[in-house]
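Next up: a single chain in structure tokens, the form predicted alone.
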Amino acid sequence: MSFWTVVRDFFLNLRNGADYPLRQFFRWRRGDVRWKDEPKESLFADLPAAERFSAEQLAQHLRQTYHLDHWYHHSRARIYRESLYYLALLEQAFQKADLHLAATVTCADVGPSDWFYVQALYALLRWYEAPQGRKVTLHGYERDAFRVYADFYSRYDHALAYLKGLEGVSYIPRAFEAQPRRYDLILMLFPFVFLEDHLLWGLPKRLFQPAALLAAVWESLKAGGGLVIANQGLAEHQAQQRLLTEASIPIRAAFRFDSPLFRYSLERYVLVAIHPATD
């Protein structure tokens, strides 16, 4: 680690150590967030013809399979497209790990930020391998829910707008804590594995405890329950694998996820673990 990295992290931690408690104290809420619904006919216009055709076919399949018509018509184009990406990633994770959901499912999503993809996530949980649908209970745990965005709405405000109309879904503005054997499925989509990212996103160093969080998550799974973790970039993926290995958590599936639905500067990787049916 370079001298300037140490200096930067020191001052980031000082700033975050002041800002983060203030956000928790004031708990800024402005109210109902509204956005203009956008057309989706040119959703993949940026792609070459062959990729565009593939993306359009996949998007149509996901829309039909998971009953996304309402979200298709009542969302911004980029948010809808990125939500499809999350849906496809999680669907592939279930398939590769041979993970099956029961007739009712209780799921926790740890660190969902403003939860822009919650409509797609809920649709997956409700309709995956279930043509008649299933009952879903979904909890999103966000430690930094009161961060204020450029539009002067908080992350909490945005999350409540995204989950509007979903039954059994709660956005919980606090850090995840162990809840022994409560959940059938837990998601950790792009958790902070490296301290640098943790600090850059506004959290104080004292809260950086990836191993402890992983232990709490694993303890909270029911026997036979699934844990899905997505990471950014190969280095983060490998570091996440080490955390799982050190915690004696067996990895059922590990893969790089590629899709024309959305493009990121860093490749996305996925890990899936299944809690043993018996301890």
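Values in this document were obtained by computation on a predicted structure and should not be read as measured data. Residue indices: 1-based, along the sequence shown.
Beyond what is shown, the protein has a form predicted together with a small molecule; the following relates to that form.
For the residues 75, 113, 137, 92, the 4.5 Å heavy atom test against the small molecule in the predicted bound form is passed only by 113. Among the residues 183, 146, 176, 128, the one placing a heavy atom within 4.5 Å of the small molecule in the predicted bound form is 176. Taken together, the three residues 85, 153 and 159 lack any non-hydrogen atom within 4.5 angstroms of the small molecule in the predicted bound form.
Only one segment in the set 198-206, 95-103, 120-128, 67-75 has any non-hydrogen atom within 4.5 angstroms of the small molecule in the predicted bound form, and it is 198-206. The small molecule is not drawn, but in the predicted bound form it has no heavy atom within 4.5 Å of residue 166. Contact check for residue 189: a heavy atom falls within 4.5 Å of the small molecule in the predicted bound form.
At a distance threshold of 4.5 angstroms between non-hydrogen atoms, residue 59 is out of contact with the small molecule in the predicted bound form.
A residue is said to contact a partner when one of its heavy atoms sits within 4.5 Å of a partner heavy atom; residue 221 fails this definition for the small molecule in the predicted bound form, lying far away.
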